[in-house]
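Next comes just one chain, in structure tokens: the form predicted on its own.
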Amino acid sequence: MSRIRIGVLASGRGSNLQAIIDSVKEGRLDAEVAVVVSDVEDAYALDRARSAGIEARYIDPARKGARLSKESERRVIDVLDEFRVDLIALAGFMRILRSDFVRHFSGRIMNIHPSLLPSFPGLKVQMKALEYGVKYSGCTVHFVDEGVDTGPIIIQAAVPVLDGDTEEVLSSRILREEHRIYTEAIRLFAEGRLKIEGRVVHVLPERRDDAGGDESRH
């Protein structure tokens, strides 16, 4: 099986994008970032893509609010189809995708969220965690469905919430885990080892061929 092609959607600085790029470059992820798309013209994520020799596209959202316009979202779909992506990774993409988009790429969209879902979906989640007084927070990689942060969970990582934590300090602690588990989730997808049954994502064992015992991907 050839290496998978990833399309990344990002609205901001793209630190998770950079973690994916670095994992590919260092040989820890058998994949190719084919295109990066942003709804923000000066998003640093686009600069990261260009610096790595990756096609970077800005698409005018054509409206404010939680969603792109229907026409703009159609343009995003067209770009991802143009680059024949196998997986879409949302990396700080601050728009809610419509049902048509999710159905078009069903089972092939991942998101990283900075809380232990289903706790604290949406925005400002570190502030919510601190206000609620939880002792552990963390991050979640999940497949995207037609809800908001409601899709089947792939991987989670927990971090302690310490006395004196601010939003910035807690966010930084969580971000380190985001970089680690997002790459891991993509690797499992690339190896054909993720199986969705209802709300549950099963991680299948590594497959080895009969001749040499090398891992094979499906």
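Remember, it's a predicted structure, so these values are computed and weren't measured experimentally. Residues carry their position along the shown sequence, with the first being 1.
The form predicted together with another copy of the chain is left out here; the points below concern that form.
In summary, the region of this chain contacting another copy of the chain in the predicted bound form, judged by heavy atoms within 4.5 Å and restricted to 86 to 94, 68 to 76, 100 to 108, 114 to 122, corresponds to 114 to 122.
In the predicted bound form, every residue of the candidate spot (Leu130, Ala157 and Asp163) has a heavy atom lying within 4.5 Å of another copy of the chain. For the options Ala43, Ala31, Ile153, Ile59, the residue carrying a heavy atom within 4.5 angstroms of another copy of the chain in the predicted bound form is Ile153. The closest heavy atom approach of Ile196 to another copy of the chain in the predicted bound form falls outside 4.5 Å.
For Glu184, no non-hydrogen atom is located within 4.5 Å of another copy of the chain in the predicted bound form, even though that partner is not displayed. Contact annotation for Ala19: none of its heavy atoms lies within 4.5 Å of another copy of the chain in the predicted bound form.
In the predicted bound form, at least one heavy atom of His202 sits within 4.5 Å of another copy of the chain. Contacts to another copy of the chain in the predicted bound form (heavy atom within 4.5 Å) from stretch 53 to 81: none.
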